[in-house]
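Only one chain is shown below, in structure tokens, and it's the form predicted alone.
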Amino acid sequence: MAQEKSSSASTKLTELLKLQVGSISETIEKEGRTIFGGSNNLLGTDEITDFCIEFLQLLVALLESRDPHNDGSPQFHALEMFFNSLSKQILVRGGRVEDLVRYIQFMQRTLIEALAHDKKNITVDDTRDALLFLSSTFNELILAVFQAYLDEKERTINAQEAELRETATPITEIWDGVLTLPIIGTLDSNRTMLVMEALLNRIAKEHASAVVMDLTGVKNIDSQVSHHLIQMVRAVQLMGSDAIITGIRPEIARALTSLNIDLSGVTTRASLSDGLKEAFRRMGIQVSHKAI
């Protein structure tokens, strides 16, 4: 019996949409131009017209499906993906998620008002069932918009983190075969792996003979950080390059000593300048001041 009532309400709502499709489309299209068009310049006029028509077509397809209340149906999934895709398109262009939600709520109100104007052809029970259907459906569509928003935010955050990691550990070729890697901040496991991978790739690409790793920007060091540092040094040496560590401040030296870190076989110099001179010396390059 409940299925029959649901089917009756869906049929009435479908008939209503088909009868008033012109006025409903015009109403939601006008609001779409106000929110996304004009000076906001998020969507063109043709784009707004197209997505309004597509939305109504997808909604009718859902209403005409075997079970319009089934949010796992292909018809519902198509409507959900439509809003997910639209949301991402608008968000990428600088739109706000609040405006998207307000617009979806406006669509819902427009359909409810259309029901209110058609009291002669729809019973009270059908009206109630139709309202419940619209409420449930549009709540799911709003969730689809928020999911698109979260996906876009995650993509942006991941891109920013990748950019920060890249700029935080710039690997520079100072001379043919000589690379410098200033390490700033803390070396955790994830960052060590990323830096090591980038560094080893650059060594292979540039056929580097020496890598000068400067620790001036490292504020403190513990057993885990020192372990990661030694890992990087050993990896550089396995690639056939000389690893030279510079910028070890007194407090860092004391910490390494107290941790009993074995730095035998690791070349250290006081400053980046001294480290570069050592690298040049090993390559047989003589650097001298030019007399003025």
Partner chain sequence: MSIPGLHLTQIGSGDFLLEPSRSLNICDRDKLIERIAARLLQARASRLYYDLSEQAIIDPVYYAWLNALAGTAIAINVRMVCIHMQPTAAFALAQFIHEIPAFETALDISGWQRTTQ
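Because the structure is a prediction, the values reported are computed rather than measured. Positions refer to the first chain, counted from 1.
One more form of this protein exists, namely the form predicted together with the partner chain; it is left out here, but the text below deals with it.
- Using a 4.5 Å cutoff between non-hydrogen atoms, E197 counts as a contact of the partner chain in the model of the complex.
- In the model of the complex, the partner chain lies within 4.5 Å of some heavy atom of H207.
- Put simply, G240 is close to the partner chain in the model of the complex: some heavy atom of it is within 4.5 Å.
- In the model of the complex, no heavy atom of S226 sits within 4.5 Å of the partner chain.
- Listed residues R234, K30, R254, R66 were compared with the partner chain in the model of the complex; R234 is the one with a heavy atom within 4.5 Å.
- When the partner chain is considered in the model of the complex, only one residue from Q160, N139, S85, N201 comes within 4.5 Å through any heavy atom, namely N201.
- The stretch from 208 to 216, 88 to 96, 67 to 75, 127 to 135 that comes within 4.5 Å of the partner chain in the model of the complex, counting heavy atoms only, is 208 to 216.
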